[in-house]
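Form predicted alone, single chain, as structure tokens, below.
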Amino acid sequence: MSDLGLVILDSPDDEPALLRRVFDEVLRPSFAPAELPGWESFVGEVGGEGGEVVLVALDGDEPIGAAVTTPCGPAEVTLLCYLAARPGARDRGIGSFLMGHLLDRWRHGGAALVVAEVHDPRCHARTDDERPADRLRFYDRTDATVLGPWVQPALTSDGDRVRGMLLLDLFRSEPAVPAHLLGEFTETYFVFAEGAEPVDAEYAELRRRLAAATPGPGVAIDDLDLVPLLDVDPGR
């Protein structure tokens, strides 16, 4: 959408009122409470310890979409934490607009691998607010592949993990990504979110599956049924 503007926020001091609107009007309506930290945690990670960068799509002065990325684990690995359009502004090409800018940043920014976590449509039903199969089709158009089943770590001390997820490979700079990158990414993410590296069976199986997935090209989204579900008792 050529009529959209773009603002990049890499510090909580960059347009703090806009950042708050993005959180309240774009991200919070788009993600379940377990999938999004509170405002204080979110704003503390923008440009800070978490190193998050927020890309905001603007229609005039109105924030109507946002993407949040962060380095995670090795410096060469980036996590696309969130990509969303504001309710009422969906199906307008906002996701494609933001992805176009993200891909340009990744091509020129030195990232070896960019991953994203999304709901597995085999585990999460379609609702008015959540359309897992549509989201996968969107990423399929960007040539994303499935690295394996995924579990989002608990983002707050009183929260729970989000299960029934997939980990997608959105971008890689080389055909074969070194196998250690996914393991280091997973450990760093879980330690940052949960305070220590987990020792439960679910985490161990997740690490095993991802180790087996690299350094191949991943599974095409059309072949999702080839990706076994992660059916493990969390044992937490």
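Residues carry their position along the shown sequence, with the first being 1. As the structure is a computational prediction, the values presented were derived from the model and not from experiment.
The same protein also exists as the form predicted in complex with a small molecule; that form is not shown, yet it is the one meant from here on.
- When contacts are defined as a non-hydrogen atom within 4.5 Å, all of 84, 90 and 93 contact the small molecule in the predicted bound form.
- Residue 137 is the only one of 122, 137, 101, 163 with a heavy atom lying within 4.5 Å of the small molecule in the predicted bound form.
- Of the listed positions (72, 118, 111, 147), a single one reaches within 4.5 angstroms of the small molecule by any non-hydrogen atom in the predicted bound form, namely 118.
- Mapping the unseen interface onto this chain, residue 186 falls outside it, with no heavy atom inside 4.5 Å of the small molecule in the predicted bound form.
- For residue 39, no non-hydrogen atom is located within 4.5 Å of the small molecule in the predicted bound form, even though that partner is not displayed.
- Mapping the unseen interface onto this chain, residue 107 falls outside it, with no heavy atom inside 4.5 Å of the small molecule in the predicted bound form.
- When contacts are judged by a 4.5 Å heavy atom cut-off, residue 192 does not count as touching the small molecule in the predicted bound form.
- Partner contact region in the predicted bound form: 29-37, out of 177-185, 29-37, 202-210, 52-60, criterion any non-hydrogen atom within 4.5 Å of the small molecule.
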